[in-house]
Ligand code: F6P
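Given next, in structure tokens, is a single chain: the form predicted on its own.
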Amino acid sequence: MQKNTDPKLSELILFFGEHGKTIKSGFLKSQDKAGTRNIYGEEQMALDKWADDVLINGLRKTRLVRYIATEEQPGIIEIDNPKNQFGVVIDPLDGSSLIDVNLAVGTIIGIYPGNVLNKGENMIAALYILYGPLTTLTLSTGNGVCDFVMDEKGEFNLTAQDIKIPDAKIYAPGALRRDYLPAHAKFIADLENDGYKLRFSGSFVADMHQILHKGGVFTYPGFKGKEKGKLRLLFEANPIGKIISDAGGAISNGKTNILAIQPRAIDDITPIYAGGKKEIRLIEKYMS
């Protein structure tokens, strides 16, 4: 209400907040593998599929959106007789392989005015729910990035608004060093020579939450054998990229702004560099 958000969009954001509580409650139920693979050929955890079902079934019932694309589904789902024309992209449980060792995982969501095969710069809202020592919801509707923390009643309370990514020397590097490509290797060497501290958990959403609040850069580059990268354009890069960009940072594939890329398919992958503008300018200089 304070940000004059469209009431229909507000209703959808509140839906995800409520269902985030349901997903968190499921962590005690199962940590097993499902015996199936997602569209990227990765083995699915039972909780991945369960969280996916929770969100899809909820969206079917409420009819708050027209289009749904999730990391766990092979195609775009279209809802019959929708109340709104929104399209949503969802990573239901990012970092789920870390649940059995009790590290932070999260749910990532991007919201479009229509079709989900759209540039990230056309996203109207993005949020993620981080399930850690605290359950937090980080949100941007284009009018400033805000943090909310869940209280003992299960309600999200505003704790920070108009968040801006600070200038700091932290880096979160994905991929094996032995597989680095030359430009990326030079970039990492420069960061290390400049005193950057390594902070990497293996959970994209958790690592990006740290970068948002403490500064620096996250990177999962293209590397030998996977020159096109590994992380997902629709479900990971674009929603997190909107939040980081709205907080004064930037996201790049090493050559250009990821949010300006037109997706070709829901399973598009990309190298990712996300964080402070200074670090993004440096990798783009090396890549050019």
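Note that this is a predicted model, so its numbers are computed, not measured. Don't overthink the numbering: it's just position in the shown sequence, from 1.
Separately, the form predicted in complex with the named molecule exists; it is not shown, and the next lines address it.
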| item | value |
| --- | --- |
| In the predicted complex, Lys230 touching the named molecule (heavy atom, 4.5 Å) | yes |
| Contact of Ser203 with the named molecule in the predicted complex (heavy atom, 4.5 Å) | yes |
| In the predicted complex, Phe218 touching the named molecule (heavy atom, 4.5 Å) | yes |
| 4.5 Å heavy atom contact, Gly95 and the named molecule in the predicted complex | yes |
| Interface stretch in the predicted complex with the named molecule - options 194 to 202, 141 to 149, 121 to 129, 161 to 169, non-hydrogen atom within 4.5 Å | 194 to 202 |
